[in-house]
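A single chain, nothing else alongside it, follows as structure tokens in the form predicted on its own.
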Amino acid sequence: MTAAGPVTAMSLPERAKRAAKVAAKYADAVDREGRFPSEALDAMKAERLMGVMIKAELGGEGASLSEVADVCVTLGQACGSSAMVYAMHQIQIASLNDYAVGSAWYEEFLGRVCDEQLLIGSATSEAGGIGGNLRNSICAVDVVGDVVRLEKDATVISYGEASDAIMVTSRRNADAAPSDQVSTVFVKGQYTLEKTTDWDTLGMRGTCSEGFIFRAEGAKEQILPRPFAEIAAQSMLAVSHLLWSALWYGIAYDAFARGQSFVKAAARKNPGQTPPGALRVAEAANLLQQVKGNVVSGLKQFEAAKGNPDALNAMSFAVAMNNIKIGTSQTILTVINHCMLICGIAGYKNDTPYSLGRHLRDAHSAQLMISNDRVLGNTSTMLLVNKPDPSLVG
């Protein structure tokens, strides 16, 4: 049972497809109106998708990151905003699953996520010069006795008003360095949100990630027991790059499917003639396969390194995850542009079965979510001391 009712015994991919069908139905309205994809989220909750990666002993299904990434692909084909909301939620789950071990508060909370299908938001960005640099904070938690308080001027809180709980980064205390950070989860009722900025964007409009002054008070055991530096290096950054890349692949795949359908329709009208867009379909398929291979390779590397701090902290691992993000975010735009040329005016217009405007606008966010320039800058620093491995089997 869930808060939304009983779920039939279906596989995770089947449940994801059912939720995606709902997301697709409302995707254009969500994009046009810039509103949260509430119908899609309700469907995800009804299919018990929110806690699938949580350990079975806490009420979850113990799904692997690869399985969750496949859900993101399925949702990405239907609605980029819905897929991004789901991916961001699972990024928080991955951090809690592995880095809140031994905490009674977090074990109970993760059980609640499964039972109540809670949605967890994220507040890492901050005003005052930090911007999107998640490895630095200005705000600091204030612990007095058993109580923790926090105020943060967050430039973006992922789907903040729709969240049931929010994970927030901050300095460990008022005297800590900007990079000496902790993460704390506050549940609804423990915090207030004072909106400071709207979310009227080119794409990913349904994520509704406005800016807020975040004020919260909770129990000190809600501060994660492991340093945020460890969580970021060993989980959050890699999981973000992989799940984002998976949903971006889903967006590009749906664009490709529309382009392929357009060419097939043209071929049926003129039997025996190769439609003008056929070669571009082949080119797009080639690029799409590169994206898929990139994501699959990264997921395998992450699964192999999971549980091994030395492997997860290795520069070579960080470089590989960064390259997956860069490669995917750049290539999907080329794929969708190919498909736009294939479909022509039918892809350019917003009211046809081949419309690609939403896909293209959503895909442009990929190079900005942790800016590619920032990622490349970090990679270039690591490559000054790290030599890439040329082996194909290492």
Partner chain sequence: MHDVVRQLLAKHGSLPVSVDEIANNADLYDAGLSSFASVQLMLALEEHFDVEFPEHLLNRKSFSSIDAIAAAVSEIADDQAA
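Computed from a predicted structure; not experimentally measured. Residue numbers count along the first chain shown, from 1.
Beyond what is shown, the protein has a form predicted together with its partner chain; the following relates to that form.
S.K.: Tell me the stretch among 76-84, 225-233, 103-111, 286-294 that has any heavy atom within 4.5 angstroms of its partner chain in the model of the complex.
M.R.: Of the options given, it is 225-233.
S.K.: Ok, Asn97, Gln190, Ser316, Gln301: which has a heavy atom sitting within 4.5 Å of its partner chain in the model of the complex?
M.R.: None of the other options qualify; the answer is Ser316.
S.K.: Select from the listed residues Leu279, Ala177, Ala257, Val147 the one whose heavy atoms reach within 4.5 Å of its partner chain in the model of the complex.
M.R.: Flagged contact: Ala177.
S.K.: Is there a heavy atom of Asp200 no more than 4.5 Å from a heavy atom of its partner chain in the model of the complex?
M.R.: No, Asp200 is distant from the partner.
S.K.: How about Lys306 - does it come within 4.5 Å of its partner chain in the model of the complex, if we only consider non-hydrogen atoms?
M.R.: Lys306: no, not in contact with its partner chain in the model of the complex.
S.K.: Should Asn386 be classed as touching its partner chain in the model of the complex when contacts are defined as heavy atoms within 4.5 Å?
M.R.: It does: once its partner chain is placed as it appears in the model of the complex, Asn386 has a heavy atom within 4.5 Å of it.
S.K.: Look up in the model of the complex whether Arg172 has a non-hydrogen atom within 4.5 angstroms of its partner chain, and give yes or no.
M.R.: Flag for Arg172 set to yes.
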